[in-house]
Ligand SMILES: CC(C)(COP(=O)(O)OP(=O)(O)OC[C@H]1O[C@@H](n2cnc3c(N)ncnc32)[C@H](O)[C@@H]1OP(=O)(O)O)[C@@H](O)C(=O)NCCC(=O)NCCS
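Before any questions on how it binds or moves, here is one chain, the form predicted on its own, in structure tokens.
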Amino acid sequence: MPLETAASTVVAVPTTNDIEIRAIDLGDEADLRAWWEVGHAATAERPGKPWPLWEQSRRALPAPNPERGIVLLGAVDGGQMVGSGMLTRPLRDNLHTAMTFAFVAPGRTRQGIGSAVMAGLEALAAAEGRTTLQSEAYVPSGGTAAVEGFAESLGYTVASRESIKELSMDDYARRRSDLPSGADGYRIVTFDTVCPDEHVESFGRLLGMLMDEIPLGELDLESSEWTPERVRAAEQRQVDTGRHVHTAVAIAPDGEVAGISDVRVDDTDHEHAQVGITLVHPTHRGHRLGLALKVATHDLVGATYPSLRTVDTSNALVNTHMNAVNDALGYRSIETMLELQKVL
């Protein structure tokens, strides 16, 4: 059965308390809200903004996504949802992979619920022929947490480590006069979500290099091809779900896009934002384009959203260059993300 049509499926996974693991109907708002509440409660003690607002989730999760298929699972005990899970699968490339996420309601941990949800997610992924599973776990900066042992017990190993960082826009404003505007020899162009027609082709070419150019550690991910049609379809989904991707591109003297950076803001939340990607073509490095592009996007979102309080980003711990750029902007580390991987 295609995973998109599994809304009524019951995943047969034994647990210690006969808890039912079932698929969430994305079209049933009450069901979706119960799923969202579990994740919201499970992440409440993490720093920053680890969970999206309900108004954004209710709009984005059911929306058609040309890039990624999504299935949600709920763990139900006596009519109450006590655990939740998400399976996402790339639909255009890296078709051997899937991502699994599980959450357990506070007070119900260490009862086998998280393991049961993960088993259900893995069964669905395996049924579709996905052979490499990836996930994430979050621990205090420089510390450890019980989730590491949980992941290890399920067969997931740490493939990469990233620093989750947060920027106060007040701190950024205080530093702004010491930061550069633009980059010599390059033109900085900014836009909201939809790339100008004259740049979309080379914009897509650079996007396609992302997996080859960022530090992946041991993650089994391959590069992709971003045609103008694919770029436009992805942009349309952002527009349809109320997400603004405020983007800066560096245009080289020959007219090619030499670098990209973006900051993403949802219509439902003008107080928090997230950096999406920052990428500079290898032949154009050494001109401080990464810093110039990030300054341009942060200036843009600061001017567009006067109520914006914080921006979050993440970078591989080994990415010393980008970590230095973020430090210059005023970002501070708030936790560490463990990028996990399991081969079925």
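No experiment lies behind these values; they were computed from the predicted model shown. We number the residues from 1 along the sequence you see.
Just so you know, the form predicted together with the named molecule exists too; it's not on screen, but the next bit is about it.
Judged by heavy atoms within 4.5 Å of the named molecule in the model of the complex, the contact stretch among the candidates 223 to 231, 201 to 209, 177 to 185, 129 to 137 is 129 to 137.
Although the partner is absent here, residue 149 sits close enough that one of its heavy atoms falls within 4.5 Å of the named molecule in the model of the complex.
Looking at residue 157, you'd find every heavy atom of it more than 4.5 angstroms from the named molecule in the model of the complex. Using a 4.5 angstroms threshold between heavy atoms, residue 103 counts as touching the named molecule in the model of the complex.
Among heavy atoms of residue 114, some come within 4.5 Å of the named molecule in the model of the complex. With the partner omitted here, the residue from 42, 275, 279, 292 that has a non-hydrogen atom within 4.5 angstroms of the named molecule in the model of the complex is 42. Proximity to the named molecule in the model of the complex, taken as a non-hydrogen atom within 4.5 angstroms, holds for one residue of 193, 241, 190, 109, which is 109. Residues of 152 to 190 placing a heavy atom within 4.5 Å of the named molecule in the model of the complex: 153 alone.
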